[in-house]
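What follows is a single chain, given as structure tokens, in the form predicted alone.
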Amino acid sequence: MFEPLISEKEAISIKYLPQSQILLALSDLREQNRVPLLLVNHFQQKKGTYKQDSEYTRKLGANDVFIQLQSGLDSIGEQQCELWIGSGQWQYGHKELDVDVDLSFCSNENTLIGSVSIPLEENSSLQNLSQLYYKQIIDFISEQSKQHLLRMWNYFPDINQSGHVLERYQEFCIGRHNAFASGATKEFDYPAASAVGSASQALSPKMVIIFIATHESGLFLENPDQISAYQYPSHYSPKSPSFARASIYHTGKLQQLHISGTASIVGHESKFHGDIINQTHQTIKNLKRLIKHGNEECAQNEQFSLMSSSAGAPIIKVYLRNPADKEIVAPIIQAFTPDTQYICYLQADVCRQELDIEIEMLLNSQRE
């Protein structure tokens, strides 16, 4: 059983908000004595990333420093932003990894949040880039004494297209695997993760990596109804995807369940090709199974719920290959989590060409 690792006030919360509401939300945080940690814009802009002289920082003042970046993904409907919020004392910084590539981070005593945006050229090798920058991330978090990766997001264009030899997602998987293999990471220590394809027509295409690392290890979960991704048969990729289905981390009286990008997969096989309704239902079954398994690992008074509680309602991010499918799947997802306040629909290519939807979640539970 877990013991509390960090104080509850240091817990990270995430909100999905329309771009038009961000300035107001940031202003409200100051009045609540809370701080912005990370702002991810899920829509295309002329510039690939925001710098610290962005419109947000200019209007709020120089003391309001936080990580800002473009995901490369496109919102479905109104332009959406992802705002990460914390309390207490956080330090902010940048580390130059290469020419035009910085690692931006914020950290407190126990947690580190970081992001890397890597420019992609026409002949870029996803294998080489993912191996290089994953290795640098692993080295950096070790230097910061936050050596346990808890959760990661990976966005890059043309995920299903052919790369140098293999599909670009397969190339990414090989590079990521090699980086983990070069360090101390073992299979059961792989973080929860998502990897989807961003817009291929972006003005400045990038591979974007966002991560949470912690001083103490979380608990990593697998779905009993699925084969672990890192044990997939080799025909999916010469090196299997290196991630866990979910991770749990305690923050005092609060614990958080991070569920990786989840799709319509049973065992290791994709289900319901071309059927977005049944893909959505199967994805929800997988999410429910993970939540159930998470609760089996927790005390009776620490259960995760799909209903709103003192710990808050679940937050959900939905990746859809075809934007028009939102009208079909939104009622199904709403019925699955009727209390959800924050849900974000993004156009993105799922890593398997035959699948059209992927869903990730963050749930909180509060000890009584």
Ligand code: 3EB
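A residue's number is simply how far along the shown sequence it sits, counting from 1. None of the values given here were measured: they were computed from a predicted structure.
From this point on, the text means the form predicted in complex with this ligand, which you will not see here.
The contact residue chosen from G86, G163, P157, P241 relative to this ligand in the predicted complex is P241, the criterion being a non-hydrogen atom within 4.5 angstroms. Only one of I212, L126, V116, A193 lies close to this ligand in the predicted complex, with a heavy atom inside 4.5 Å, and it is A193. Although the partner is absent here, A199 is not a contact residue: none of its heavy atoms lies within 4.5 angstroms of this ligand in the predicted complex. At the 4.5 Å threshold, heavy atoms of P205 stay clear of this ligand in the predicted complex, well away from it. At a distance threshold of 4.5 angstroms between non-hydrogen atoms, C351 is in contact with this ligand in the predicted complex. Among residues of the shown chain, Y169 is one whose heavy atoms approach this ligand to within 4.5 Å in the predicted complex. In plain terms, the part of the chain that comes close to this ligand in the predicted complex, with a heavy atom within 4.5 Å, is 256-264 out of 142-150, 256-264, 117-125, 94-102.
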